[in-house]
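One chain comes next, on its own, written out as structure tokens in the form predicted alone.
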Amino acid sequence: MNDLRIIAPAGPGGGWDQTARALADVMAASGATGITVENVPGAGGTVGLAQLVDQEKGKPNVMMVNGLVMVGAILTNQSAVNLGMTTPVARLTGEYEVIVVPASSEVKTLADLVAKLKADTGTVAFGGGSAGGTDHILAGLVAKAAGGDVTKLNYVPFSGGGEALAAVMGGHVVAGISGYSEWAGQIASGELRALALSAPERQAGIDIPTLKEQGVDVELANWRAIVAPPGLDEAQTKALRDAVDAAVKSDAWKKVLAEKKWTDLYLPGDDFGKLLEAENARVTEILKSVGLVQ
């Protein structure tokens, strides 16, 4: 696969940009030539998505990195284009979310938090990242699964992890939600108490019980993936999927995962397409329930 363009629908340095550049480097190491990464930031990735769908249609040498955050951004930005209009290539990586409280909190366990949500959902302020993002989605899913009134969800968005951490530590919110790696240090030091991880099962090296094993039937990964433009034929689609498949099964990619502490959530082709449909349905339902989307 030569002369490939990978669009990172965000500015340099973030997760999508890092994913695009890592994939480009791995593909180049296996002999591909002329691979470039193009940053197209704006509106939670939907500016890049619009370019992919409208301007790159039918081009067999273009792909774009995306993720769960984009599913919410498409809805909150009322985007005219969506991921269902793209050609699914593969889910690549992900990170599970953690729900925490400060060490001094009266909330000792997930059961305590569930009881509060059931009694009066609005009294449980969750702090996390941007409105409509992964943290917000998980808060809604947990409130719903706990038997709370998701229409009364009390979610306080922060622009950065530092602000959210300060709000949690200062007791300005009841609980915080973030990607595990963001707060792993404070959990290890005992400043934060981890109540649950949003993984499907216990994760190696992370001594935190899952939501599911504690009776809250929710799992959520903040996944990152790669898609291609619409309008490709079967042979063109297969060529891109095969190129990505070879890259993610290489030792070079395994090294990237280890170095960056990314969880391998590789899901290729049509299976990823089905996941996209399912994720879009549940995110739409939750963001409508919390009043963020009409």
Partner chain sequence: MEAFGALLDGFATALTPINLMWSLVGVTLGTLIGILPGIGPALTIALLLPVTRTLDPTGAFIMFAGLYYGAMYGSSTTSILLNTPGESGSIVTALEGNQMARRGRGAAALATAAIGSFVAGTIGTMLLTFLAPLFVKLAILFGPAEYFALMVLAFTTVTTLLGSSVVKGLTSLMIGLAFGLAGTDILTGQPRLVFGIPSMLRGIDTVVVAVGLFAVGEALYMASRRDLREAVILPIKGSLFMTREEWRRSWKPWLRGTALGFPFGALPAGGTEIPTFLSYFMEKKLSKNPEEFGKGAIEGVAGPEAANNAAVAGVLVPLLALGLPTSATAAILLAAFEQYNLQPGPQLFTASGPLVWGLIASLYIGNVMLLVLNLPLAGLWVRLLAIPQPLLYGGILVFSTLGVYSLSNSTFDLVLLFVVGLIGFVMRRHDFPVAPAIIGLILGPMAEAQFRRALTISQGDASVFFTHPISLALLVIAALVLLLPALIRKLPVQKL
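Numbering follows the first chain given and starts at 1. In this text, all values refer to a predicted model and were calculated from it rather than measured experimentally.
In what follows, reference is made to the form predicted in complex with the partner chain, a form of this protein that is not presented.
The partner chain is not shown here, but in the predicted bound form it comes within 4.5 Å of a heavy atom of residue 292. In the predicted bound form, residue 210 stays away from the partner chain, with no heavy atom inside 4.5 Å.
The partner chain in the predicted bound form is approached by residue 259, whose closest heavy atom lies within 4.5 angstroms of it. Looking at residue 205, you'd find every heavy atom of it more than 4.5 angstroms from the partner chain in the predicted bound form. Figure note: of the listed segments 137-145, 194-202, 118-126, 219-227, the one touching the partner chain in the predicted bound form, with heavy atoms no more than 4.5 Å away, is 118-126. This chain is drawn without the partner chain; in the predicted bound form, the residue among 85, 169, 107, 90 with a heavy atom within 4.5 Å of it is 169.
None of 43, 246, 29, 239 but one reaches within 4.5 angstroms of the partner chain in the predicted bound form through a heavy atom, and that residue is 43.
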